[in-house]
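Let's start with one chain on its own, the form predicted alone, as structure tokens.
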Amino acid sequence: MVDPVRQDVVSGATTVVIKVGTNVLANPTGHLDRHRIQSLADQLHRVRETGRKVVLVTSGAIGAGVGKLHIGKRPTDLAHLQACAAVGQTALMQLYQESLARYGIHTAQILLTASDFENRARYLNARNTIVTLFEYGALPIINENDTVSVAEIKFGDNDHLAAMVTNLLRAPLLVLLTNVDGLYSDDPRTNPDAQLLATVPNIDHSVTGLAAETKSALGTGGMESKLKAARLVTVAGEAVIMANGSLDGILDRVFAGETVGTLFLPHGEGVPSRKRWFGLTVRPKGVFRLDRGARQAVLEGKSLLPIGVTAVEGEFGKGDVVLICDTEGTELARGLSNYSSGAAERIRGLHTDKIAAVLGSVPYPELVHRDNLVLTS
């Protein structure tokens, strides 16, 4: 069934990011499924034929390495994970190149780590590279650089990477292809009455509470990670569709506007590129906890003043990104701090006219100026 809302979403998506998970590409033993990858390549070609710019964020390198090395299951220690990634990445890219060659599509491998996004110059350079690849008609294929990244293998996943790439390019649509049909009202493995949610207008606590533990032996991400990724994109004003990548022709159906998977609607205004970088990409180094009055002021788009801060957590310097939370720890926003953690601790709870008496001067009346603040609630 065709959905008018989905048709509007996909018709306006001239640039799309498509993320495919390990369990879509590999069979249970860890070997890459050539038929599945060829089917994906065929669909990517058809999406590109509509004139859209497409970026593929792919998992599968570690899973492919597990299969090629005949290990049987995903290792747990860092050295063996990195070795599997090194072996599997070449096999993964070779299959993509072979599958897309019939259409004359050049594949371009881009391996990234979180630090590439946190350094502003490297962040912009990554964007420039992708845009230039579009000019050449190549298909950028992005993966984490698992052979050198530490935290990414332990804690990260390509759902988050795909969200960051979507915000990097300001792409109107992110498609998450996974091994489940979408977001359900309950865990369908234990509740036969669980209903697939076709549309989610806002990813709030009631929605994140629906996430079930869905990690497998080969992948790293579960429903929780997908919802976090979807939230990063939707708060920036873009849409996300989560669908089952193992279904034949799933991308064709998505871009036909059919009601498949779950559509997460944008629930924020378009965020400028600079604010996407510090507000939705860079990892925060500290926390400001606010009282009720400051909470309301921030949500109304005002600057954060010292008087409304009840606690300062973490160690950070001037210009670092901080989380802005209420007293219960619920995230409201992120922003660039005008003060180091030490100075912020000294002036928290004070009226602006009292800052000079403590610090000797008033470099800034605000802890975080509204121009350097992004709402994430």
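Remember, it's a predicted structure, so these values are computed and weren't measured experimentally. Numbering starts at 1 and follows the sequence shown.
Separately, the form predicted in complex with a small molecule exists; it is not shown, and the next lines address it.
N158 is the sole member of T178, N167, T262, N158 with a non-hydrogen atom within 4.5 Å of the small molecule in the model of the complex. For the options S246, T281, N143, T107, the one in contact with the small molecule in the model of the complex, meaning a heavy atom within 4.5 Å, is N143. Partner contact region in the model of the complex: 52-60, out of 52-60, 332-340, 319-327, 38-46, criterion any non-hydrogen atom within 4.5 Å of the small molecule.
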